[in-house]
Every structure is written in C-alpha cells, then in structure tokens.
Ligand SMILES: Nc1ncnc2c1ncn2[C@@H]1O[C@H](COP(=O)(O)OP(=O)(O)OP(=O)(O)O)[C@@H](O)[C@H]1O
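This document starts with one chain, in the form predicted on its own, laid out as structure tokens.
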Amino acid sequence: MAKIVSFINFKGGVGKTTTAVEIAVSLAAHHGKRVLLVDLDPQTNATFYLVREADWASWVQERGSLKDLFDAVLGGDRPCEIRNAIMQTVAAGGLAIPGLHLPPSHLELISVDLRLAWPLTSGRSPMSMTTSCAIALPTST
C-alpha cells in the first residue's frame, strides 16, 4: 500500500520544498523506495531542485507536465496520460536516483487554484467535471 506524505504550511520560507525533496531523495537513494514527488507549487522549486531548467523545458515540450494534467481535468475536452509526463529517474546533485519519479511542475499552475474553485463559485457541481485522464504510477522494471 502506498503511503502519502504531504508538506503543507501557509507560510513561505519554512522549508517545505527542501524537506520534501530531501526526504524523497533519501527514501529512493538510501532505502530503495519508489517515490513519486509531486511538485504542485507554481514556483517549480522542487522540480528545479532536481532538473536543470533547459532539461525541464525540453521535457515539458515533448512529454508534458502537471499543467497538462490540470488542463485535461479542468477542460475535460482531451485525454491525458500523465504517466507519459512523469520523469522516471531524476538526478540530485548530478547523480541519477533510480526510483525517484517526478511529474514536473509548471509556472502556469499559478492560476489553477482559481480554476479549481470556479465550479464551486459558479453553482456547478465539482462532480460535473469529468475527464478521461488516466493516472498511474510507473511500473517497476
């Protein structure tokens, strides 16, 4: 059974990103765990902690990011295979970390909270938002 760990605090600068990334790297590198690090912060700091900006730009262009997942869920007009956007092995300190997976964040997530709230404020039921988006963790090889 998967375990979910969240690092949440409304105050900035308290170490949420650093703690999340370091624990994810430690679990994958030192304990052999499969870790999916989900960077929902539009500042993309966790993503850029592990991926060079040029590599991120190339990846997002070819494979996508969490922005594509939210666009598919909120737009509901096209399918989304988020597993295609998940980086299977990312690096920390220049070393590849097997088992550490990352669906990269995107700067355009800045407005996703407003888009998520819109059905609630417009009188639509959140359950009316449907999509054919498939979410699956990478399989072990």
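Residue numbers here begin at 1 and follow the sequence given. Keep in mind that what you see is a predicted model, and the values were worked out from it rather than measured.
One more form of this protein exists, namely the form predicted together with the ligand; it is left out here, but the text below deals with it.
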Within 4.5 Å of the ligand in the predicted complex, counting heavy atoms only, one of 38 to 46, 89 to 97, 107 to 115, 54 to 62 shows up; tell me which. 38 to 46
is_contact(Ile23, the ligand) in the predicted complex, heavy atom dist at most 4.5 Å: no
Could you pull out the residues of 1 to 37 that have any heavy atom within 4.5 Å of the ligand in the predicted complex? Lys11, Gly12, Gly13, Val14, Gly15, Lys16, Thr17, Thr18
